[in-house]
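Take a look at this single chain in structure tokens; it is the form predicted alone.
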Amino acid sequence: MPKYEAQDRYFKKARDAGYRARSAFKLQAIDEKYDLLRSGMQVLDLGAAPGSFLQYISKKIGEKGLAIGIDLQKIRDLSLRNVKTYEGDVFDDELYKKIVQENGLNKFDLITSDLAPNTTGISFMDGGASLNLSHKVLEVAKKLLKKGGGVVIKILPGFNEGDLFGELRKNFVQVKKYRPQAIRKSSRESYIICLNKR
């Protein structure tokens, strides 16, 4: 059996580039394909630990932008002036109110989600848990995403994707599924990219 894939070229590439995880290259590939991130944007990142999405976002949005990350785990200080992090549950609606108030925000330009459930190895259970997270991301987007904004959602297989895509298409002009090369070959995850909120 080959050595655990965490030690592949993207693991080494992330380490060399100063990213905390290979997932930065997943977001980079999505951004390069769909042109999501620009200077001055306000971005909400759900499931942000250990912070590699935030590291990449920080570079793209520049000094005038703001990225806010939420995770159940404490995110070790990134020492980035345009990034703030919150330790909390993405299902806690009071947390979003706090974030908006503390940062003088109205709505976000982009929401990224690398949320994943604790997997069991049972496809329909993992897929169902992933679907619940996806619906929460959509719920947050309905409230906190600007018109014309975008969302990136990580999903696991094991549920009827057609129903989720149907819901997303009611709220976004374009809905695409994409699997960046930086995903481990053994992983079944992929991303849904939603563009131009209605």
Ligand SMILES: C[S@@+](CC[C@H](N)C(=O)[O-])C[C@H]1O[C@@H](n2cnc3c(N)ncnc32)[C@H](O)[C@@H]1O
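Position 1 is the first residue in the sequence shown; the rest follow in order. Every value quoted in this text rests on a predicted model; they were computed, and no experiment measured them.
Only in words, not in the display: the form predicted in complex with the ligand, which the text now covers.
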- Note on the structure: None of 120, 73, 106, 103 but one has a heavy atom within 4.5 Å of the ligand in the predicted complex; the exception is 73
- Message: Taking 4.5 angstroms as the heavy atom distance cut-off, pick the stretch from 33 to 41, 160 to 168, 142 to 150, 64 to 72 that is near the ligand in the predicted complex.
- Response: 64 to 72
- Could you confirm whether residue 89 comes within 4.5 Å of the ligand in the predicted complex, counting heavy atoms only? yes
- Message: I'd like to know whether residue 130 contacts the ligand in the predicted complex, with contact meaning heavy atoms within 4.5 angstroms.
- Response: no
- Query: residue 114: heavy atom within 4.5 Å of the ligand in the predicted complex?
  - Reply: yes
- Do residue 58 and the ligand share at least one heavy atom pair within 4.5 Å in the predicted complex? no
- Who in 24 to 61 is close to the ligand in the predicted complex, meaning a heavy atom within 4.5 Å? 47, 48, 49, 50, 51, 52, 53
